[in-house]
Every structure is written in structure tokens, then in C-alpha cells.
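Below, in C-alpha cells: the form predicted on its own, a single chain.
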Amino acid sequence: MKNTITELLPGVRTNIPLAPYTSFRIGGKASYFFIANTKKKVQEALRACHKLGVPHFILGGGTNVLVADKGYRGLIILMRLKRCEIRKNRLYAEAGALMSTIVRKTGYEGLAGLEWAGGLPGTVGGAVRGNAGAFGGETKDTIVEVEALDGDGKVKKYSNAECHFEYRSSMFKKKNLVVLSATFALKRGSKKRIQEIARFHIRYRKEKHPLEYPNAGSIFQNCDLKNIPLRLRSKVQHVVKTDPFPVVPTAYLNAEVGLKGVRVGKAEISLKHPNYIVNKGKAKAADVLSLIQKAKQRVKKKFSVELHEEIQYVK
């Protein structure tokens, strides 16, 4: 009888450092680490975890996570399903496909609908799970169908409505279901114009975001304008933007409470974009968590709003 995960799951590795697999370059080791490049392998890994009671975490591009300094006492499943195909005006992409790949691929084919994601890091699976968005667009806008594993580990297809997309969230995130693929409905357009828009967004990110340092993207969600007290609305009105509803950029709030350049250890709230925390050299997860707490406390005190993390803590 097979009683260990190494027996049940051929190819699993042990004590693997996770920092190299994250854009933050922070974090300890995973007790177990498995690369899944087919749907069947994802299912096999999850079955082994279920049978043995081993915790698991699905890792895609590692762009929106902070791994604990002590690492992860469970199985990290690295999603490497990367197939993507254009079928008439639809794009089918597996969860491990990079967002940069599908933006480039659809732009080359003159298919409009994903230009907003120019420069967006991470994978399709992560974008679907968190309903990633930028420049007024969101992942949900063009989703037709998502393929995921249900609570019993069986492959199931979900319509857009069944995904229950919300601001930076979805049913998959709330129920911790594993996304396997997504199908996007796109429209024919000017190849030149589509590519121009995507390139503009890529340039904007390079200019405005501190991409020269390891980071995990925006630390906090932007604040819904409705949550800003009425007495403070006039103070923030000049920075309100649509994303996709009226929001106050958290970068502005963080700057207003003097967080630009604040450091703990080797972690720093970016001077360039204060909703980013950057790793200035061997930063610890504890350093980042300390900065997150400072930001939440200062913004709460001055603006009476709660900041909500966009990143996920893996511990």
C-alpha cells in the first residue's frame, strides 16, 4: 500500500526553495513540489493530497503571492499547462499560459478584447481566478467559458455567469477551485490599432511601475469611492478613476500618509508607485508583512477606510 506522497505521485520533489518561482523572490521551501503539465497530472496531484491529508497550493506565474519565510508545509503544484489556440474569433488558453503570450498572440491575429492586459504579468489561471483588470478592462469582459475542477476533483465547464465574477475575485477564488483553462470571445479589428494599444499599456507599466526590482504587483486593491467618507470625497475627487467603477487609487492614499520610501529590512514601499512593495535585496516576508500593516494602519487613521490585499499569502 502506498502511504507517502512520493509513492503516490511520481515526479514529486522535496524541500524546494520557492523564492525563484515568485516575482517577489521571497519565501522559504516547499515540503513537496510538483510540476503539472497536463490536466491529468493536476488531478493526480490533488488526489494524492486528498488521500493523505496534505495541504496544497496551485502556483502559476508567482506574480501575486508572498511566500512565508518558513515556506509551505504541503504540496506546491506548479501549473504548466500552456496550450493556447485561436478558433475563429475565440481564444482557448490553458491555465498556465502567460497573459503576455495571449495578448501578443491575439494582437498578431487582429483580435480585439485583451489589449487592456498589455504588460499584465502572470498566467491565465491567475487572471481568471482573481478577475484581473487594468485600464478599465477586466478578465470577465471576454470570458465565455472556464474549465475547472469542481469540489470532487472532476473537470467541469462554467459559463461566465456561473463564474460569479466580482472586483478582483470569482467563484474559483472564493471556493478555492482549480482553473484549468478559459475560452475568450474576441472581435476582429485593426491589427495595427490593437497592437498599438497593448504596446502603450506595456510602456506605461514600465514607466510608472518599479519593474526594475522584484515585486508582486499591486499590494492592495484600489478603494471603492463609496467607501470613502463623504467628508473626504472632495479631497480625493481629483484622483478618482474608473476601474471599472469609480475608485480612489491606493497609491494615492499611501502617498498621502507618507509611505513612499518607507522601509523595513530590505523591503520598501516604492517611491515610484506606492502601492508596490519592492525587494531591494534579500527582503523577508516578515518585512513585507510589516509594511502592509503600516499602510493599513496609516490609511485607516487618516481616511477611515480599510485596505484589502490583492496579493495572497502562502504559508
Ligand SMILES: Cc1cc2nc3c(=O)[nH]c(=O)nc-3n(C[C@H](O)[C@H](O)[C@H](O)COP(=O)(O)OP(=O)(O)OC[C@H]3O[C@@H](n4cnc5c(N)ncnc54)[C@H](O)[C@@H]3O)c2cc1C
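These numbers were taken from a predicted model, which means no experiment stands behind them. Position 1 is the first residue in the sequence shown; the rest follow in order.
Although it is not shown, the form predicted in complex with this ligand is what the next lines describe.
Open item on the list: Can you tell me which of 153-161, 214-222, 234-242, 183-191 lies within 4.5 Å of this ligand in the model of the complex, counting heavy atoms only?
Closed with: Only one stretch qualifies here: 214-222.
Open item on the list: Can you work out which of A36, V65, A30, V248 has a heavy atom no more than 4.5 Å from this ligand in the model of the complex?
Closed with: Here the answer is residue option V65.
Task: Answer option from V103, L91, L75, M79, heavy atom within 4.5 Å of this ligand in the model of the complex - done: Here the answer is residue option M79.
Task: this ligand contact in the model of the complex: G113, any heavy atom under 4.5 Å - done: So G113 does not count as contacting this ligand.
Open item on the list: in the model of the complex, is there a heavy atom of this ligand that lies within 4.5 Å of any heavy atom of R205, even though the partner is absent here?
Closed with: Although this ligand is absent here, R205 would touch it in the model of the complex, with heavy atoms inside 4.5 Å.
TODO: Answer for G71 alone: is it within 4.5 Å of this ligand in the model of the complex, judged on heavy atom distances?
DONE: No - in the model of the complex, heavy atoms of G71 and this ligand never come within 4.5 Å of each other.
TODO: May I ask you to check whether V278 falls inside a 4.5 Å heavy atom distance of this ligand in the model of the complex?
DONE: Residue-level check for V278: no, no contact with this ligand.
TODO: Within 4.5 Å of this ligand in the model of the complex, which residues of 276-315 have a heavy atom? Give them in sequence order, or say none.
DONE: Contacts from 276-315: Y276, E310, Q312.
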